[in-house]
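First, one chain by itself: the form predicted on its own, in structure tokens.
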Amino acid sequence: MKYLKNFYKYRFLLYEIVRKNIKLQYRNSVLGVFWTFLQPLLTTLVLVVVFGGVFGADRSYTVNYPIYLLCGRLIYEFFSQSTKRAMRSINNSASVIKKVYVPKYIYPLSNVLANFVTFLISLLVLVCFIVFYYFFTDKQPVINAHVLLAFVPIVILLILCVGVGLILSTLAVFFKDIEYLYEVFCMLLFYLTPIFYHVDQLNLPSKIFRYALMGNPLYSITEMFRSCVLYGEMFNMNHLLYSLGFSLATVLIGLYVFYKKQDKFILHI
């Protein structure tokens, strides 16, 4: 209750920092916030050209490959960008932390939330794709009431990003090399998450490799999201339970590690 009251006390500060981070994100850009739409659009078109002929030719795996790819790309991009910014948040705010008392969790949390707002805006690109393919092509996604459940994997993804962000922001204070290692990890995660391929399309030598891929929480979140917005189906409850349990456990670990080490931040930043 003490931490909840403290969070409520600084809610307006959190709001202002989130707003500032959103403004600073495209401050020196000519196109500004339009990049929120243009970047996922261009990235998806490039990936469709590169991988569409290999993984998108068989429609038994994907009803609509561009939408299939865009769903995975948006989820991965939000996870990678939000956790990277959260990781650097304490070190980047060192001058403020040394002068003014502010709950330190505000910094990684505000970076995750700022990227979450950008992610929600970028979902309009997905809406445009769905509308275009639904009315003007034969590769129609299935649209029904299940699309309303798409908020479930989105909320779970947000929880996961907050937990990972807290852990990374703590580690980055004491181990500066974590930033470089995490860049490599994110590149590996891009290929381990079924963004541009379907798991059944891979000729895996053993079921162990398949289970290893499915152990990635982003796999469950991505599949749940696609079930709602692309296939018009109820998502797999196993995916829900696994991703939600993993995300909540990550948040608990992140909170424990962060609060355990936050008093020592001032000695290392």
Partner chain sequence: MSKPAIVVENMSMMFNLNKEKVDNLKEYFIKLVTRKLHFTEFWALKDISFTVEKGERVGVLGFNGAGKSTLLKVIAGVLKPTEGSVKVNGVIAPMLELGAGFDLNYSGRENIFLYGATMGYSRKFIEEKYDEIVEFSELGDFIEVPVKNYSSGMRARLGFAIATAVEPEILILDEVLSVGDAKFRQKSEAKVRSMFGKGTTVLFVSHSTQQVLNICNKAIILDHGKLIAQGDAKEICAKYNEMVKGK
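Positions refer to the first chain, counted from 1. What you see is a predicted model, and the numbers here were worked out from it, not measured in a lab.
Beyond what is shown, the protein has a form predicted in complex with the partner chain; the following relates to that form.
Partner contact region in the model of the complex: 97 to 105, out of 71 to 79, 121 to 129, 97 to 105, 145 to 153, criterion any non-hydrogen atom within 4.5 Å of the partner chain. Shown alone here, residue 207 lies farther than 4.5 Å from the partner chain in the model of the complex, counting heavy atoms only. Heavy atoms of residue 4 never reach within 4.5 Å of the partner chain in the model of the complex, leaving it off the interface.
Contact check for residue 175: a heavy atom falls within 4.5 Å of the partner chain in the model of the complex. When contacts are judged by a 4.5 Å heavy atom cut-off, residue 10 counts as touching the partner chain in the model of the complex. Contact check for 139, 234 and 240: none of the three has a heavy atom within 4.5 Å of the partner chain in the model of the complex.
In the model of the complex, 263, 266, 267, 268 are the residues of 251 to 269 with at least one heavy atom within 4.5 Å of the partner chain, listed from first to last.
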